[in-house]
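Below are two forms of the same protein chain, given as structure tokens: structure 1, then structure 2.
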Structure 1
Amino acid sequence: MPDLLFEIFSEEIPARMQGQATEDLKKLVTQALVDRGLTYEGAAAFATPRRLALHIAGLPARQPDLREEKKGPRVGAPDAAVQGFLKSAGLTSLDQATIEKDPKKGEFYVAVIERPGRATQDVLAEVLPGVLRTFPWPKSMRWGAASARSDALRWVRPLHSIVATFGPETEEPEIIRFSLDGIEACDTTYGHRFLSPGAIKVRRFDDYAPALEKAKVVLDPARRKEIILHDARDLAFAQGLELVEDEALLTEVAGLVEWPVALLGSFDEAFLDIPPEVIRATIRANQKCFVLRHRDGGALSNKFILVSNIAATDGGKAIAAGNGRVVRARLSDALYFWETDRKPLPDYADKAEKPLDQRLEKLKAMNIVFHEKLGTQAERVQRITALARDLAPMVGADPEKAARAAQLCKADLMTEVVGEFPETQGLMGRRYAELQGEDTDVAAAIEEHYKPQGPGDRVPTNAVSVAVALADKLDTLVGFWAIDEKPTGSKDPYALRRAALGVIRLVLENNLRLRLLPTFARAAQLVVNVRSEVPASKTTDADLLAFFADRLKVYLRDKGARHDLIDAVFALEGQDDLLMIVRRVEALGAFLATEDGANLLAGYKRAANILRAEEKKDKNARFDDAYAGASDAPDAERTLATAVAAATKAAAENVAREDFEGAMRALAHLRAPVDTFFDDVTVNDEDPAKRLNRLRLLSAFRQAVHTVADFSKIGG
């Protein structure tokens, strides 16, 4: 079957955009083809710094013919209806329609519409230009003389050529003829900008990829990554070192080169006095290079790996030397920042003795705004300090250490190193805290209070770190909730989802007992105390708790838990202890997996449906009054009443002891009495008194089950 080869050749595409661009190109083209009835066997998209390419295999030569029966009005219908039918069906007279009979509706007109399929090449000539004109680049531009026109083609960088060929492997493929702002689709591409810049005529993907390889272009970004990683490891090994691997940097560098060549560079050993994190940040951010470390102790080496886009005639010596000079210049700046940060600030010497404390005073004096409605960073530090002190006893931390760590946790924002390399914030705070003799727990908490920053990030276990990390995240969440700046849809500019997930992981992975609602209230009070103009919304607590429930679903879903069980537990009043919620969910899941649990759920739903139906009939009906036993009640009714009373008492006692498995076992005793009751007893008895009493018994059964969870939220 025929294949499509589609390439868009341009100036350099930013590395950060290439991955999404390949996904978008594949999705937009394949979806457009499928919408037009053209299925395919496989599709793959690729990117290099100067091209996007798409290969679609196994396309049919033509669209399938379309045959559609369009039902029209009844025979004898008004002329307006008939004329509308003829127009919509593309007919000129009723002679072109057929008449069919329906036993119920009588005779009616039917038009058989047949549309022959178009050649796939013609469809592609329509689809491909449309995809290019509407391509969703995050940023795009117009260029050249056409840039004066508002309707000119926009692309991420100036576009040079378009390859578009289509045909079976047994024949010479044809060029898909279309033009885009003066650029004609063709079968000619170009190799490496410096190593092989000449034109290359291509036919289909099978000869396209090898031709590019000969022209010093590795088309597949995954293969470029493999080449870089393999060669970098080999160079490091040859020096008795090992590569400090960095997946994000590897992906970025693979997007900067078409012909990757790994080279070894070096810098003066004197720069190794700089903290290794700063060295790595300098080399990574400014030169896109990988650092190396010694195998024995893991200390950084003065050598690094750079990736060139050319194979130089001198083996890359000049390129490595040039990068080494730039790295040395950058490290000279970093060394200056490092040395400056360790010196006192004379302007703040009268307020604090230690350098990090002086940075804190500078933070206060500079009035750096955290958010216009939530005040300055210094005011936020004030809130975090108070909240960390309050949280410390709950997590087993020393309140004074927690307060001290919180007080200093943002001070490194005013250091030269963090100003130049923001990614080192927290880490440099720890370094400076250690240098000025702070307690080890305090220093660790300054670094770790940002953690965890994502699903794969480490969760702090040091109690002081946990207290400060919780305070930092809860202040953020409560503050933005108070000013009604919540995540909406896919937008979350303040990373509040990440903050909530961080709180959840800190609590659960450290087995902490923390009541969220009182903590929200305390954090909200601190926000109002510091920023009195912030409205204290009455709905903040419940709304924020619901937000946590959604984040907890995400967390537990990754561990295999059912989201409806989380809903069932959160639906109970006062459920704000995350650790106990999870234990309830676990116990509930285990119970429902048993035969007793599944049958009890079925009995509950039957009872709930009966009660719901009765409450719907009479909106004022309530069945919460106590069940009144009757001497003439059937045995099944009396047995269920006794079992409900016993199970309610036992379940409540077990829940009070936080023995949720025990509470489930108590409810399991209801299974048989409930089944027998529904088999032997008519709830909607003709006697109104009996009917009311039995509905009250079912309500008591429902309330007994709600001791552990709201079963109405459970699916199945």
Structure 2
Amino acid sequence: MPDLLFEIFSEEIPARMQGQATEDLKKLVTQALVDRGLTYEGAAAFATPRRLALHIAGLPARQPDLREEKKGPRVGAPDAAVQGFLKSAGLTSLDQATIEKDPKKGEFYVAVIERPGRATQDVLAEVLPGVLRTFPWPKSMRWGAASARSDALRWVRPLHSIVATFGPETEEPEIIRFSLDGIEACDTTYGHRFLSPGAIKVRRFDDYAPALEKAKVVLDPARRKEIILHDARDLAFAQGLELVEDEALLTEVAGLVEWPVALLGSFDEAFLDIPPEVIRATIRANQKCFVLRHRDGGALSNKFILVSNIAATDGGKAIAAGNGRVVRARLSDALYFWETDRKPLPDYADKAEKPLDQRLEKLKAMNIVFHEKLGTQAERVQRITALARDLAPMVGADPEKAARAAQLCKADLMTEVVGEFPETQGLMGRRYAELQGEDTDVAAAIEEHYKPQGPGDRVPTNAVSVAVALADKLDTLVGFWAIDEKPTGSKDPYALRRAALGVIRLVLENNLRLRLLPTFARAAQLVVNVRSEVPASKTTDADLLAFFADRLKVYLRDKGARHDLIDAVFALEGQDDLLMIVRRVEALGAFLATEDGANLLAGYKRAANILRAEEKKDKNARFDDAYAGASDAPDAERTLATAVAAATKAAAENVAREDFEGAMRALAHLRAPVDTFFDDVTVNDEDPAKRLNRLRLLSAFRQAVHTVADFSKIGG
């Protein structure tokens, strides 16, 4: 069966786009072929910096023939209908149609359209340019003289040539003839830009890949990664070192070279005084090189691995030396930053004594805006400090330490290192805090207050860290809620969902008791204190609490809890203590799993349905007045009344003690009386007084159940 070879040769494709582009190319071409009745045995796509290539194996030589019957109008139909039929079926006269009979419709015309399958080559000549014209690059461009036209071809970078051949193994494949903005598909590609730039005539994939390899192009990115990793490990090993592996960097580097050659570079050992995270960030982000560490303690070494795109005539000496020089220049910048950050800031030396405090003074003086409506970073620090101090006793932290950590937590934003490498924020603050003799808890909190960053990130346990981390996130949430910048759909530019999840995890995983509503109120008050124009309102608090409920549902669902149980608990008035909510949900889940629980739920639903039906009939109907005991009432009614009164009291007492299992047990006593009541007593008595009294009893029962959760929210 014939194969397709398709290659698009262009100027350098950004490394980060190559992976998706190969997926897209494969998907779009194979999909278009399948849609046209052309199935295949296998497909694989590849990318190098200068080309995308696709190999589809086992395509048929032709599309299958199609036979289609098209029903037309009945015999004797108006001329307009007949003409329309002829046109749509591609017939010139009715003689070409056959006549069929139908018991309902009578005689009608049928056109038999036979479409012989087209040669696959012709289908490809139509499909391939279409795919290129509509290729979903994240960003594409126009170029050259053709770009004066508005319909000019767009590609990720200028496209130079296209290889498209098709044919069976045993024969000379043919070129698929099409042209795109003046570029004719052909069977010529090119080798490595520097090592073997000549034209290469290719026939099919089986000779294409080896021909490229001979021309110093490794087509398969996975192989380039293997080569780099293997050679880098070898080079490291020979030095008695080990590679600090970095998958993202490896993928990126493999997308920057067609012929990977790993080389060893080095820098002056004096630079190792710089924190290793900063060295790594410098070498990785700016130079796309790998760092190496010692096999023993794992300390960073002064050697690094770079990956060149050529096998140089001097064995790579000049390249390694050149890269070494650039790394040294970058590291001397980093060293300068690291040293500068530990020195006093001349302009702020009179305002504070220690270096990090001086950076804080600078943060205040610079009036750096956090958000237009929420004020400056300095104002935010002031709020977080006050809030962290307030929260400290609730989380078991020393208020002074929490306040100190909060005060310094954003100061590192004014340091040179963080200015250059934003990903080191927090970490650098901790280092500088340690160096100026801050308490270890304070220093740790400066780093950890950003945590947890996501569902997989570690939750801090140090009490001071917890206080500041909560204050930071709650200030953000309350602030953005106050100015009505909430996440919508997929848009969450301030990562508020992550912040709320962070609060939830900090509270739950540290078993903390924290009432959210008063905390919101306190945080909101702090916002208003510095930003009087920001409105504070109770409704935003309720809305934010609902947002937490949603986040909590997501969090608990991931842990296997039922979201309807969470709703049942949140539906109760004033539920804002996350830990208690979760305990209640757990107790509720355990209770409903018992027979008593399941039956009580059934009884509850029956009672609730009756009440709802009555409430629907008469909007003014109210049944929450007390049930009046009557001596002539049936036993079942009196027994239920007594049981409801007792259960209500016991459940409330248990809830007050936060003993939710106890509360559930109290409710469990209602199961038998409820069942008997429904068996023996007709609620809808002819006597309206009796009826009303019984409805009140059911209402009291409903109320009793609601002491632990709103059972109406529970499904099943």
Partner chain sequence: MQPQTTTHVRPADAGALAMDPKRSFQGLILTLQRFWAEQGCVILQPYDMEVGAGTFHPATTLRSLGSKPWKAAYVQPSRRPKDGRYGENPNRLQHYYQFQVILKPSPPDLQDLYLRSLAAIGVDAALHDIRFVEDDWESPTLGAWGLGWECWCDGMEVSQFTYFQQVAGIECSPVSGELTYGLERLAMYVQGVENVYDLNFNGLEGPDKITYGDVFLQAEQEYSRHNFEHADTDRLFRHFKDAETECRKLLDAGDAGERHLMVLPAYDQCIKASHMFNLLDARGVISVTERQSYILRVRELAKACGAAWLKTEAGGMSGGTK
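Throughout, residue numbering runs from 1 along the sequence of structure 1. The shown structure was predicted, so the numbers you read here are calculated from the model rather than taken from an experiment. We call the rigid core whatever largest set of C-alpha positions still superposes within 1.5 Å between the two forms.
By the stated condition, namely the form predicted in complex with the partner chain, the second structure is the one that fits. Of the listed residues L33, A312, Y336, D220, the one positioned at a hinge between rigid parts between structures 1 and 2 is Y336; the rest lie more than 12 positions from any hinge. Each of the two rigid parts keeps its shape between structures 1 and 2, while the smaller one turns against the larger by 14°, per C-alpha superposition.
Once the two forms are overlaid on the core, S147 shows a Cα shift of 3.5 Å between structures 1 and 2. Shown is the Cα shift of A232 between structures 1 and 2 after rigid core superposition, which amounts to 5.4 Å.
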